[in-house]
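Before any questions on how it binds or moves, here is one chain, the form predicted alone, in structure tokens.
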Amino acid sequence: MDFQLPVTQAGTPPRLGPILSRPSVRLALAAVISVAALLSSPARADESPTRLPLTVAYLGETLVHPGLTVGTELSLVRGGSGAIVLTGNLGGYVHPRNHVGLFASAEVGGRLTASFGLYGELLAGAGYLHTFLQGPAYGVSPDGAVQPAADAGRPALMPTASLGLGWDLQRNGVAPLALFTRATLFGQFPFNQRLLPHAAVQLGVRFQ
């Protein structure tokens, strides 16, 4: 919408007084000043910038095959004792004499926390899993000879689901961290044209 200042009959610039006295102009100026004030005002002392927590956990694929996950999470919705969280994770594990798995995944789910800090959570999501042979790889040459070969690994889709139990020590001001354990079920697809399930347990800490 074009907005033009009125021009006086004498061709001189109009005085701003009559223009500023118009209700519509005053309302528009008030709105602009309010938005500018909100955008430029410094954060109050009781407001802290949003920090993403760091999550580190031991990942035991089938409990005993060692691995590690590192990640973070974001509270999408929070109200009272409940929250909906989105997590992002990078990790890997070693299945001795079988394979090594590296993955990136994301999960979303709900978390309920008691007033004294104990919480339970249910998460589900998906990720990317890349597995390598845990040992030397061999190939067959055109002449039929078996010889060592490079292993580029195998890509797979990784659906996940986790049931967790934890203790939020920040809830009562003990420490800015939470301890947790999660029973995790994740898949590897395709594996021989089917979905191969993996069970894992996580024992970790979330620095908040």
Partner chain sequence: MRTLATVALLLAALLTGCGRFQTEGDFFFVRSAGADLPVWVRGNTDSGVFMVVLAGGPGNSSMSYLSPVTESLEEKYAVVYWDQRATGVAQGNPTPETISLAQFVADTHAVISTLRQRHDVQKLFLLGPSWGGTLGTAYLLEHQEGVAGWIDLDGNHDWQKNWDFALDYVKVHAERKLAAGEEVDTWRGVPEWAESMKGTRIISDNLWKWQRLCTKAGGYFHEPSNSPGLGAELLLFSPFSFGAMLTNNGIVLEKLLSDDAFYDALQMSSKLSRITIPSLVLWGRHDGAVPVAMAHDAYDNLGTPPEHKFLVIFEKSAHMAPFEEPEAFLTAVTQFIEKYR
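Bear in mind that the values here come from a model prediction, so they are computed numbers and not experimental data. Numbering follows the first chain given and starts at 1.
The protein also exists as the form predicted together with the partner chain; that form is not presented, and the subsequent description refers to it.
Residue among S75, S81, Q134, T72 with a heavy atom within 4.5 Å of the partner chain in the predicted bound form
None of the other options qualify; the answer is Q134.
Flag this candidate site as yes only if P66, P96 and L196 all have a heavy atom within 4.5 Å of the partner chain in the predicted bound form; otherwise mark no.
All of them do, each having a heavy atom within 4.5 Å of the partner.
Can you tell me whether V201 touches the partner chain? I mean in the predicted bound form, with a 4.5 angstroms heavy atom cut-off.
Judged by the heavy-atom cut-off of 4.5 Å, V201 is well away from the partner chain in the predicted bound form.
Partner proximity in the predicted bound form: R171 to the partner chain, non-hydrogen atom cutoff 4.5 Å:
Answer no; every heavy atom of R171 is more than 4.5 Å from the partner chain in the predicted bound form.
Classify T62 as contacting or not contacting the partner chain in the predicted bound form by the rule of any non-hydrogen atom within 4.5 angstroms, answering yes or no.
Output for T62 is yes: heavy atoms within 4.5 Å of the partner chain.
Taking the partner chain as it sits in the predicted bound form, is Y128 near enough to touch it, meaning that at least one heavy atom pair lies within 4.5 angstroms?
No, Y128 sits far enough from the partner chain in the predicted bound form that none of its heavy atoms falls within 4.5 Å.
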